[in-house]
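Next up: just one chain, as structure tokens, the form predicted alone.
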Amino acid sequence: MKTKLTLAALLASSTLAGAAMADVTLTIESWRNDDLTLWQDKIIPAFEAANPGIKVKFTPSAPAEYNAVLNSKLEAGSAGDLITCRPFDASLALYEAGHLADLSGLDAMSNFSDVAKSAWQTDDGSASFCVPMASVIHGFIYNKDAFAELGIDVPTTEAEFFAALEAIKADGTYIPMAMGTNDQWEAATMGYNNIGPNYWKGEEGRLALIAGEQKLTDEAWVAPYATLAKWGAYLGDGYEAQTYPDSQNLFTLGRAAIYPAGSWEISGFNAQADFEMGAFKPPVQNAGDTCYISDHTDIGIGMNAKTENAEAAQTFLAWVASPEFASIFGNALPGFFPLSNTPVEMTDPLAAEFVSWRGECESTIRSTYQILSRGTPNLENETWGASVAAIKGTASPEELGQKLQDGLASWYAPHQ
């Protein structure tokens, strides 16, 4: 026999349900404490307006402390409902420890490409545990005033690129390119992994290297070091002792014409430079070649596997995959580009230039970040040293390729 509910009972149950929904508060763990105002003023109000009954709190930790703080909270069962994810192994370890939920069944994951999802998947791609939020894109930022003054066109091929550097050097007004080798990582990140994808054909070469089908002694992996070897002549006096902040200052003070860049520089450069800036993508070897860009996965967000608010958390994650979130995030943080398949119109002209390359070139990620830097020697760190050695000319490109290959083969089975 069915029980007939009275109107009063229906209203009461509806009120209780509404009260229960109103009580749902999601907490987000993150290392991006510099983003706190953005989340509080823009992202959270937009989500809450569209999803009454779900409140959100953004509770970041200091970047250097995030991993330790998050792990201790997860072990203690006190972590937030949503976990901001660093790319690759740090987040994979959280998933394998049972701390992050498998989001493969979330419909919104279809809004992202395989490259976008690769930073937050198991090695075999069978499980995805974070929704991709943003990437950074590599290329070159240049001083438009300097180029106009010297009558230099934006280069598209390597021959044009080196001709531009030579012309800037010959004039003597500007340092041709601002990058030092003191801190090492820039030489690999803004050097080797910036220009390299045009040689190893982006994902084709990167995945072949992981599979053991290509080696670091192959021409595609050695040739970028030969190109980097030409850079030293254009980096200015004392580049060997020049730090990352030194390079930033040289460019924003107008003393250097070109800056090998990651798009994360855009906001800072906009605030500091009093000249108009442009950007150009890594030059191809020959006119008409397919171009490849390092469109490197930087930040994602996942769900605590032990959250008591799974339904609300999934609602938030689906919203993060939406065009609305992408537009808010991408324009509030120019240079951190949304990864969803829906194009976002960028209001910042420099950011718009960087992101336009996605429509012209094939996207890939940094070659050393997935799987290949888990052993000793660490391929990422070894690539830092090799890139510096190439620029300084202290080892030949072939010697560098052989050293890196020997190191990888010493621990990585597909290369043995």
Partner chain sequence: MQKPRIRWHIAVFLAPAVLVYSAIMIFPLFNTLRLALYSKVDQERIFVGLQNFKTLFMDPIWSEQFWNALGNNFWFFIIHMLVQNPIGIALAAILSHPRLRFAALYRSAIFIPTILSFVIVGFAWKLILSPIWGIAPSMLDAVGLKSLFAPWLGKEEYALTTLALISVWQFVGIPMMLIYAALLSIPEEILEAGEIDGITGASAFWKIKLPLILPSIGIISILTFVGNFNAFDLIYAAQGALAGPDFSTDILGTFMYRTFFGFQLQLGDPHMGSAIAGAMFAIILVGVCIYLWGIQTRMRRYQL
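Since we're looking at a predicted model, the values are computed, not measured. Whichever C-alpha set is largest while still superposing within 1.5 Å between the two forms counts as the rigid core. Positions refer to the first chain, counted from 1.
What comes next is about the form predicted together with its partner chain, which is not displayed.
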Any chance Glu65 has a heavy atom within 4.5 Å of its partner chain in the predicted complex?
-> yes
Are any of the heavy atoms in Asn378 no more than 4.5 Å from a heavy atom of its partner chain in the predicted complex?
-> yes
Could you confirm whether Thr173 comes within 4.5 Å of its partner chain in the predicted complex, counting heavy atoms only?
-> no
So in the predicted complex, does Thr368 come within 4.5 Å of its partner chain, heavy atom to heavy atom?
-> yes
Among 231-239, 310-318, 136-144, 156-164, the region lying within 4.5 Å of its partner chain in the predicted complex by heavy atom distance | 231-239
Ser267, Gln184, Gln285, Ser322: which sits within 4.5 Å of its partner chain in the predicted complex by any heavy atom?
-> Gln184
May I ask you to choose, among Glu149, Glu204, Asp289, Asp246, the residue with a heavy atom within 4.5 Å of its partner chain in the predicted complex?
-> Asp246
Within 248-284, which residues have a heavy atom closer than or equal to 4.5 Å from its partner chain in the predicted complex?
-> Asn249, Leu250, Leu253, Arg255
Is Lys73 one of the residues whose C-alpha moves 2 Å or more between this form and the one not shown after the core fit?
-> yes
Using the core for the fit, does the CA position of Leu209 change by 2 Å or more between this form and the one not shown?
-> no
Does Trp31 move its CA by 2 angstroms or more between this form and the one not shown when the core is aligned?
-> yes
